[in-house]
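Consider the single chain below, provided in structure tokens and representing the form predicted alone.
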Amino acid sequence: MGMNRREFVGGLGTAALAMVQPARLRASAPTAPVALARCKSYGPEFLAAAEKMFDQLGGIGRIVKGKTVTIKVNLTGGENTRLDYLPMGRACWSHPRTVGAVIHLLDKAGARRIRVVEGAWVWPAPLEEFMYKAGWDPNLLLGAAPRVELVNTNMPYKGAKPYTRFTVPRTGHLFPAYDLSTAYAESDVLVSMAKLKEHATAGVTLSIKNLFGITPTTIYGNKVPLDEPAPVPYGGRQEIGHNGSRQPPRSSPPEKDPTTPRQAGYRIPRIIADLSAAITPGLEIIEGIETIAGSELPRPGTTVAVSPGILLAGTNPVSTDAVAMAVMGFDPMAERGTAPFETCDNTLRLAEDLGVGTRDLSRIEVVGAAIKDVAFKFRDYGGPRQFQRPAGRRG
């Protein structure tokens, strides 16, 4: 859905207001070191690289020991999606071997209980069913440590309280609060495991954009009831998330201002910035061993398979994503109209405005490899359809 003139001017006004935000507020945004490494394969090399990066961050035992740890993986799209012959874990999903390795390392660091969660597109069924249909073996994850659980957060959480309300600090950008699966409320530490990718709507999809999938489609999905959550999901998040053509059920908080632009490039960055403030990941892992350039899902004529051979880890999602953007050849300080945010607002800036973290590379310590030594310019290989570069080779 496009913006009319009033919405466009309003959006410009919001962007201009953010740009004149007092420098002292942004200067006070928290930061944390980001570990960066080369990694070419998903087996023992990944396990060794991840363990070394966690050590470089000061050890993850201080974060997860004795805790319930929830890993939000990225399994976007349907179970049958493919890019040519590549399975999704080598294209645009988290890879099952990396997830299993991280479970092992969390257990080794003293995590009390580990949950792997995703808002999976399989209804009404558990996450295991989606994994089976997608060619994964859930036992690879369930057997990686004791006390591992798999949860489809698109479904009502079992028990007396299916959903818990998470309030957004500073009242949020789009919604003041979000009703999420109680699985998140029972978690002490959230881990965002993301793929290093671009995104057709949000510019990039890294540890913060990965949070869009935590919104249950029984509340924020298409065709949900007017008064209360649906018993099972019926579709994606276009009506409420992308288009804003309706509000969530009355049992959940409505938008702060329903007169703001009904345009995905305005709305999606604000929703995911809100979520990053409401439920901030305590550990971020971004895998770019193999991925796609050009978009978040395979799109003929736009995306191409690439092999950057890069891993990142951090404990502040904005700072981690800022380093990831720099590795991808993008400026984390970029504003709307500049790559990769040609048609959307910068999610990192919006999350920074909520006090989540800094995107200023001069304030972020990078440990391990240097950005310049592992940089992989995604726009040399692909790009949004309207900014298409010549098709690249597999990197």
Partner chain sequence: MGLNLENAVPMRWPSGPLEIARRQKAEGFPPRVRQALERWHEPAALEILEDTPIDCLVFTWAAGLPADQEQWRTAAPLVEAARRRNLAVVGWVEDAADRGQALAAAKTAGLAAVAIHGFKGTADLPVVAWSQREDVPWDSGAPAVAIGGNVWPGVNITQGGGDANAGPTNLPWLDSNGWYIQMARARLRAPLWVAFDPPGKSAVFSAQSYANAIADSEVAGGRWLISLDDDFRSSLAEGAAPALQSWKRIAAAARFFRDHAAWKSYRSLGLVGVISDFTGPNFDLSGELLNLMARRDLLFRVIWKSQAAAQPFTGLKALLYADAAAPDSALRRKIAEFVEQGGLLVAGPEWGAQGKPAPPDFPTQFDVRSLGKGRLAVGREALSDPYQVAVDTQFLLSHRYDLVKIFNAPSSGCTRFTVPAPGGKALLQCVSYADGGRGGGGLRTIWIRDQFAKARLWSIGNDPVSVGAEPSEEYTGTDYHLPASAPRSYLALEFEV
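Note that this is a predicted model, so its numbers are computed, not measured. Numbering follows the first chain given and starts at 1.
The protein also exists as the form predicted in complex with the partner chain; that form is not presented, and the subsequent description refers to it.
> To test your reading of this chain, name the stretch in 268-276, 94-102, 240-248, 303-311 whose heavy atoms come within 4.5 Å of the partner chain in the predicted bound form.
Only one stretch qualifies here: 94-102.
> In the predicted bound form, is there a heavy atom of the partner chain that lies within 4.5 Å of any heavy atom of Val73, even though the partner is absent here?
Heavy-atom contact with the partner chain at 4.5 Å: absent for Val73.
> My question is simply whether Arg82 lines the interface with the partner chain in the predicted bound form - judged by any non-hydrogen atom within 4.5 Å.
Looking in the predicted bound form, residue contacts with the partner chain include Arg82, since a heavy atom lies within 4.5 Å.
> Find out whether any non-hydrogen atom of Gly221 is located within 4.5 angstroms of the partner chain in the predicted bound form, and reply yes or no.
Flag for Gly221 set to no.
> Is there a heavy atom of Glu186 lying 4.5 Å or less from a heavy atom of the partner chain in the predicted bound form?
Outside the cut-off, so no.
> Which of these residues, Pro124, Pro169, Pro225, Pro258, gets a heavy atom within 4.5 Å of the partner chain in the predicted bound form?
None of the other options qualify; the answer is Pro124.
> Considering Phe175, Trp136, Tyr163, Phe212, which brings a non-hydrogen atom within 4.5 Å of the partner chain in the predicted bound form?
Residue within 4.5 Å of the partner: Trp136.
> Thinking of the 3 angstroms or more shift, are the C-alphas of Asn139 and Val122 brought closer or pushed farther apart in the predicted bound form than in this view?
Note: Cα gap between Asn139 and Val122 widens in the predicted bound form.
> Since the C-alpha distance between Thr217 and Val122 changes by 3 Å or more in the predicted bound form, give its direction relative to the shown form: closer or farther.
Relative to this form, closer in the predicted bound form.
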